[in-house]
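The form predicted alone is given below as one chain in structure tokens.
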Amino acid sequence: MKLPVYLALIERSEETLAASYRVVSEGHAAEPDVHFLLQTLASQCDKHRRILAPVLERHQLSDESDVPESLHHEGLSSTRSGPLGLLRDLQDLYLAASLVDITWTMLLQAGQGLADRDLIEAVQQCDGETSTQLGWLRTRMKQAAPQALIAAG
């Protein structure tokens, strides 16, 4: 069974996404909506990992080498400056959040296939917030795009 591989992937991806939200939050602190909301989104990712912890304990990964590195998002360690930098940083966050979102979807399918109530409940608690995160990122990119792509010199 490969379920533990994807549970490890979601746990690592949520951790990476939280750290990336914090990096961009601090790097764009001059944008109050970005700064404060990304801190909130990072806290949501931390909460997702806590919710998932009991399921991870039941489905221990026997060999870390099974985790597909090519699917793992490396996260952001620095930010870019200016309006275009903000737009690109938000796009990077969107990609990382998209990986988390689709992984939750796959875990829900597995949970339903196994009739694993705990896994299904964990996914249901977390997946909706991840979808909301993606919606905010998409909206904020739409807001930033005209200035970054047209007005910025």
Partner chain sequence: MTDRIAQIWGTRTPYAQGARWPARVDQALAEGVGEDDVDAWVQSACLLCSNGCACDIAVKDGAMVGIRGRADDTVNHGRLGPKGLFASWQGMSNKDRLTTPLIRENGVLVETSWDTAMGRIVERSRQLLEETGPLSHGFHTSGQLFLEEYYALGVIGKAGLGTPHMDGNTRLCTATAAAALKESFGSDGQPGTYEDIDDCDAMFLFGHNMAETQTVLWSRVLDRIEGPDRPLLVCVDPRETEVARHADVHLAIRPGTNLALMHGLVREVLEHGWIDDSFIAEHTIRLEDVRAAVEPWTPEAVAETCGVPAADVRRAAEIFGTADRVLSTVLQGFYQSWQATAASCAVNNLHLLRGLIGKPGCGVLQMNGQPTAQNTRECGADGDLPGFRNWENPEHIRQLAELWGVDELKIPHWAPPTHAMQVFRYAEQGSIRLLWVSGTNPAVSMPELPRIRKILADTFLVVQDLYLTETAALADVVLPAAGWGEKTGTFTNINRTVHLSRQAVEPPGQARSDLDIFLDYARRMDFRRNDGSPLLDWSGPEDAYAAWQECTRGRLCDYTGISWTKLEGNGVQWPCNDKAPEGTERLYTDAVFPTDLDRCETYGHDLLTGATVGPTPYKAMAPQGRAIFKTAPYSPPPEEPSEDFPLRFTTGRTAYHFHTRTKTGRSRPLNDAAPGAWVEVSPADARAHGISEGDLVDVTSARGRIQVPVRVSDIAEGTVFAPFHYGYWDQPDGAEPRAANELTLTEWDPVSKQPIYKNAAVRIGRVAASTGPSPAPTTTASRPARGTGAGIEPTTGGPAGQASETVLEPEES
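Residue numbers count along the first chain shown, from 1. These numbers were taken from a predicted model, which means no experiment stands behind them.
Although it is not shown, the form predicted in complex with the partner chain is what the next lines describe.
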In the model of the complex, L37 touching the partner chain (heavy atom, 4.5 Å)
yes
With the cut-off set at 4.5 Å between non-hydrogen atoms, does G75 touch the partner chain in the model of the complex?
no
Hey, in the model of the complex, does Q44 get a heavy atom within 4.5 angstroms of the partner chain?
yes
is_contact(I150, the partner chain) in the model of the complex, heavy atom dist at most 4.5 Å:
yes
Pick from 26 to 34, 103 to 111, 49 to 57, 90 to 98: which stretch has non-hydrogen atoms within 4.5 Å of the partner chain in the model of the complex?
26 to 34
